[in-house]
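Below you'll find only one chain, the form predicted on its own, shown as structure tokens.
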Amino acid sequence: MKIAFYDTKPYDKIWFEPIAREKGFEITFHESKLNENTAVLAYGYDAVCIFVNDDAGEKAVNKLADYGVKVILLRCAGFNNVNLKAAEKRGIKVMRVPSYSPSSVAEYTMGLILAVNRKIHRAYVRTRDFNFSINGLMGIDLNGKTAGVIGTGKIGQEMIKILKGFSMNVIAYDPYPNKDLDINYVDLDTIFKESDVITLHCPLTKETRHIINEKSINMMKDDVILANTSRGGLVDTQALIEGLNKNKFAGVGLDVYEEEDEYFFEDLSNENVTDTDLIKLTAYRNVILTSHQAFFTKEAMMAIAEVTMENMEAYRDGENLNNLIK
């Protein structure tokens, strides 16, 4: 079976090619992202493999179906970039990687929290210039502070373990509480009002879009720390910038951005970026913005490649599609 692989980066080939060859799949790698105009690259292929910034909207899905594509393989957990109704209508199966390495994302999130709290990014720049003053680099002890976790799936659960390891008082919100977790579930308002650190680990849906907004930011404590390694759309960028202008946040760690599709995973160092919100976020000294790399470990990449190819194998062999998105 043939797979058209979109938005290819050098590291994708390293992990996917050997497994695909072993399982008897033929992959054609394209650097282009999937959209309604590039869907033609999948003509005659059985499946497409896409990532977080590919656009599998209704028009793209319909074209894929017209070209004979039967499967959309998501090499990620999120699926907000796929029009599932259009795919179902055209008989295209959509499968994802629900869990690859929850610890990779949780560990990275904690790294962002520690960095913005203790100003590690600023200290690094100073000492490169032999400026060894620590004035302005003061943080807080996390020990004994309250951490609010929004979303208690596998990544959220790993995050809770880490936060408890720092002897933090952990509270959590999830519309579907996990009764097996030893955690104090509260409502969102309580998360916003009581947390010294807030970290987001939920999918992007209609209900969660802009869960961090002007109203929720106004509820937060002054000098709160916010971390988002999930999806950019969870945070209203304009409200975040306004909060930063009002010195609401002690620190903000972002691995995702609301309008990241055009920028993240690309080298734009020789181009003029015109996104004023993105420029503003990179200018704040108490903000660390990274390029959607929280997942990026050897263990995670191996798991993503293996599960993606296993999803295709299950379809080919007529087995149960355990990772089918319905």
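Numbering starts at 1 and follows the sequence shown. This structure is a prediction, so every number in the text was calculated from the model and none was measured.
Keep in mind the form predicted in complex with a small molecule is missing from the figure; the text below concerns it.
- Contact here is defined as any heavy atom lying within 4.5 Å of the small molecule in the predicted complex, and by that definition not a single one of Lys2, Asn62 and Gly68 is a contact residue.
- A heavy atom within 4.5 Å of the small molecule in the predicted complex is found for one listed residue only; from Gly156, Gly251, Gly243, Gly148, this is Gly156.
- Put simply, of Ala294, Ala47, Ile27, Ala56 only one has a heavy atom within 4.5 Å of the small molecule in the predicted complex, and it is Ala294.
- Per the 4.5 Å heavy atom criterion, the small molecule in the predicted complex is contacted by stretch 194-202, the sole one of 159-167, 122-130, 218-226, 194-202.
- A residue is said to contact a partner when one of its heavy atoms sits within 4.5 Å of a partner heavy atom; Asp236 fails this definition for the small molecule in the predicted complex, lying far away.
- The small molecule is not drawn, but in the predicted complex it has no heavy atom within 4.5 Å of Gly136.
- Although the partner is absent here, Val105 lies within 4.5 Å of the small molecule in the predicted complex, judged by heavy atoms.
- Put simply, Gly144 is far from the small molecule in the predicted complex: not one heavy atom of it is within 4.5 Å.
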